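Only one chain is shown below, in structure tokens, and it's the form predicted alone.
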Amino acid sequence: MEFEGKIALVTGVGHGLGLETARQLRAMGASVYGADVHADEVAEVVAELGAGRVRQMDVTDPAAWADWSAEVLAREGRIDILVNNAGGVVGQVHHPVEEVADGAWDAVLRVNLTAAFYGIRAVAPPMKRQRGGAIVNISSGAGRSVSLTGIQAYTSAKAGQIGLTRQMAYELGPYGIRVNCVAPGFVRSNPTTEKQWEGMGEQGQRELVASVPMRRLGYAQDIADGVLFLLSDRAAYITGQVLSIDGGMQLF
């Protein structure tokens, strides 16, 4: 029960990496609160995490973050963990840069980068008062290299998350708050990645797997294991770091 007594917030908890992370935290003793934008998925997760612990929320809404953090603080008195997992390509596909609309660019940056900022801003005050906390941002291999789907805003936003992680680690370290980042490789964990996988065709799928040194794609549990390590006391002297969990795709 490594996280016994810890209060955790996890976004994008409706499926995939967020749900697996929430499950593992709960299994290890944490009191977990989740948020997701999809109402149908929220209803399903409520049955697992408990009434009052999962809310439908748009992570790009700063007022929603203020309400959520205040609600958890009123109920629990503290917040120990934040996992900024919500994100994605917002249903977009690649277009040549000259054809990318302003709104399309902004939407991807907001759900991946700006939302992570809002989350950190919301939990920083209670964590400072507690003189401790752990935050993990879920970036992507795209943030360390290029996007397989060629979506310019996604690569930029995920690289921005890495920069935000480093800056927040530097700023919040004196308060005992650690901020780290995980950069997953391609994981078939949600409807978007399944659509991308199917779009590759059999030849593209074989080529992708062959490009991974470990010759397999990752699972949601692979990513959650890394997240939990960075949240745990076993990583008590690790902050501002980017952990690639990608079977060796990013060898630096």
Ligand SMILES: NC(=O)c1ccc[n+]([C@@H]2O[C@H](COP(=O)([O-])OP(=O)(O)OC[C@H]3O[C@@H](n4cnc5c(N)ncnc54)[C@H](O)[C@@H]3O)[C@@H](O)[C@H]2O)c1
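Don't overthink the numbering: it's just position in the shown sequence, from 1. Quantities reported herein were computed from a predicted structural model and do not represent experimental measurements.
There is another form of the same protein, the form predicted together with this ligand; it is not shown, and what comes next is about it.
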{"property": "In the predicted bound form, the one of Ala157, Val123, Ala86, Cys181 near this ligand [non-hydrogen atom within 4.5 angstroms]", "result": "Ala86"}
{"property": "Contacting member of Asp58, Glu44, Asp222, Asp67, with respect to this ligand in the predicted bound form [4.5 Å, heavy atom]", "result": "Asp58"}
{"property": "Contact label in the predicted bound form: Gly185 to this ligand, heavy atom within 4.5 Å", "result": "yes"}
{"property": "Partner contact for Thr193 in the predicted bound form: this ligand, 4.5 angstroms, heavy atom", "result": "yes"}
{"property": "Contact of Ser189 with this ligand in the predicted bound form (heavy atom, 4.5 Å)", "result": "yes"}
{"property": "4.5 Å heavy atom contact, Ala22 to this ligand in the predicted bound form", "result": "no"}
{"property": "One stretch from 166 to 174, 92 to 100, 126 to 134, 78 to 86 that, in the predicted bound form, holds residues within 4.5 Å of this ligand by heavy atom", "result": "78 to 86"}
{"property": "In the predicted bound form: members of 118 to 144 within 4.5 Å of this ligand, any heavy atom", "result": "Ile138, Ser139, Ser140"}
